[in-house]
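As a starting point, one isolated chain is supplied in structure tokens, in the form predicted on its own.
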Amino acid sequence: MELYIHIPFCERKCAYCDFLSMPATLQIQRAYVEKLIDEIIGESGGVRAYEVTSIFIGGGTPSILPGEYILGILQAAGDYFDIRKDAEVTIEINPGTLDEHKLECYREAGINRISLGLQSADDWELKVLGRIHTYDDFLKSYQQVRLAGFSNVNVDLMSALPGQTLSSWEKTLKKVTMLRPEHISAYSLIIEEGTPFYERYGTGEKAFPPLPDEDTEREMYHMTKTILEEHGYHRYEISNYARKGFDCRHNTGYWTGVDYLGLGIGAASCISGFRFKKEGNLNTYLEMASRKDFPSCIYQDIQKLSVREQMEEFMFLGLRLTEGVSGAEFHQRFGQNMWNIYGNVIEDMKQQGLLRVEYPIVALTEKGTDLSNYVMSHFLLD
């Protein structure tokens, strides 16, 4: 089982962000952490049979919290959950929110993987995104992380930004590869409803600076793969690249159907075929945390996944991985032959050049990766 711990606080909401995050006073942060620890303790009783293989502290901006708060959260997790000795433990960090004391606390807490949110090495692009940091701030944070002894570092990047060109994206990729992080996540910007970007770009009105067109966005994606592979990074998932031995175990768990428990407001969980999420309103969460039936009282949208739905997820999540999905594993999980269920779809996608089949493995081709949403939509069962 994997644990996801949500820290919803940030210094300022970015213009593209639709995550559950918000600025908050230190007093509110302290109150949240206290209740989050209570939730950790309360949840542990129902999952004693599970061994925790990875922990991911995300947000928001977890590094906005005092280091002692992160230490307390992970000490509680260690006290009440069965955490494997070699578990991967990640924390998301934004440049401009880090100091040496926090890094000392992270080391003491058992964190062994750092994920730095750069997004772009171009200060103008960062400003358009609403980020609080500059590229120099990122470099300082990266150096601090390395000097603190962390040897597993991810850098988050984002392409198809407003005003971004192929040239500026290439410069970002080359600047980051020169630093030799162990892992690079490179996602395309998605304009989400409810964000300032949606108001500017999602309504169809002309906006400035303009977004790259579809062809340019696709060129950026291929450029990413080419440049990163030249620098020793293999693509193991549609948007994720790693040096040998540094694939993110936590995210790979999501794509391969490992059970996960979400802790904190808005956090999603999927355990033993049941999916649910936690209360997403901070004030309501803090109020309900005083109830005797906490944390079960904050469960929302509880859903028992049917076998059909589990099969669908196995296919369209597993196909995100470059190694694809295995018919042998499909049979082991569901007791059915994958080709009896999906044979016609697999053959059709293969004929279109979108899937490659190396029995019992089925995986996306390069063309299939370009059209991944189209391919995966065909694996939804009627």
Partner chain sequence: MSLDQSKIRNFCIIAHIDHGKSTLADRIIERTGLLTSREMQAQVLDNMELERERGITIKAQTVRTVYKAKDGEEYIFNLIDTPGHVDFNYEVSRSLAACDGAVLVVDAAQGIEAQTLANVYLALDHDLDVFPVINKIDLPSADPDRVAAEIEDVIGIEAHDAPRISAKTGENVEAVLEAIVEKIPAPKGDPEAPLQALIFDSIYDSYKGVIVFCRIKEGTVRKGMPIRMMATGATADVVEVGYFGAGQFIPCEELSAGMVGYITASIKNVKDTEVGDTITSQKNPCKEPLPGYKKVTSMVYCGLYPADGAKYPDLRDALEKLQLNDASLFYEPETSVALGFGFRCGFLGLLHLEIIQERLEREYNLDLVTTAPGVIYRVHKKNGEMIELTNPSNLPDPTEIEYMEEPIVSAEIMVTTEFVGAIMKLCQERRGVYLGMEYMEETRALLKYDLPLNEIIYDFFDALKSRSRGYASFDYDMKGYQRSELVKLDILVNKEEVDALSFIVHADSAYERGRKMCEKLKEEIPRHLFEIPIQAAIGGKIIARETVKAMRKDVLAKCYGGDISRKRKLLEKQKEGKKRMRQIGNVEIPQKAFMSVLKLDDE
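Predicted model only: the values in this text are computed from it and were never measured. Positions refer to the first chain, counted from 1.
As for the form predicted in complex with the partner chain, it is not shown, yet the points below apply to it.
Participant: Would 188, 215 and 317 all count as contacting the partner chain in the predicted bound form, using a 4.5 Å heavy atom cut-off?
Facilitator: Judged in the predicted bound form, 188, 215 and 317 all sit within 4.5 Å of the partner chain.
Participant: The chain here is shown without the partner chain. Which stretch in 232-240, 166-174, 79-87, 94-102 comes within 4.5 angstroms of it in the predicted bound form, by heavy atom distance?
Facilitator: Comparing against the partner chain in the predicted bound form, the contact stretch is 232-240.
Participant: Within 4.5 Å of the partner chain in the predicted bound form, heavy atoms considered, which of 20, 24, 363, 371?
Facilitator: Selected residue: 371.
Participant: Have a look at 150, 294, 260, 246 for me and say which one sits with a heavy atom within 4.5 Å of the partner chain in the predicted bound form.
Facilitator: Of the candidates 150, 294, 260, 246, 260 is the one lying within 4.5 Å of the partner chain in the predicted bound form.
Participant: I'd like to know whether residue 302 contacts the partner chain in the predicted bound form, with contact meaning heavy atoms within 4.5 angstroms.
Facilitator: Residue-level check for residue 302: no, no contact with the partner chain.
Participant: State yes or no: in the predicted bound form, is some non-hydrogen atom of residue 354 no more than 4.5 angstroms from a non-hydrogen atom of the partner chain?
Facilitator: Residue 354: yes, in contact with the partner chain in the predicted bound form.
Participant: Using the partner position in the predicted bound form, report whether residue 251 sits within 4.5 Å of the partner chain, counting heavy atoms only.
Facilitator: So residue 251 counts as contacting the partner chain.
Participant: Does the partner chain come within 4.5 Å of any heavy atom of residue 108 in the predicted bound form?
Facilitator: Residue 108: no contact with the partner chain in the predicted bound form.
Participant: Could you list the residues in 270-291 that come within 4.5 Å of the partner chain in the predicted bound form, counting only heavy atoms and keeping sequence order?
Facilitator: Counting only heavy atoms within 4.5 Å of the partner chain in the predicted bound form, the single contacting residue of 270-291 is 275.
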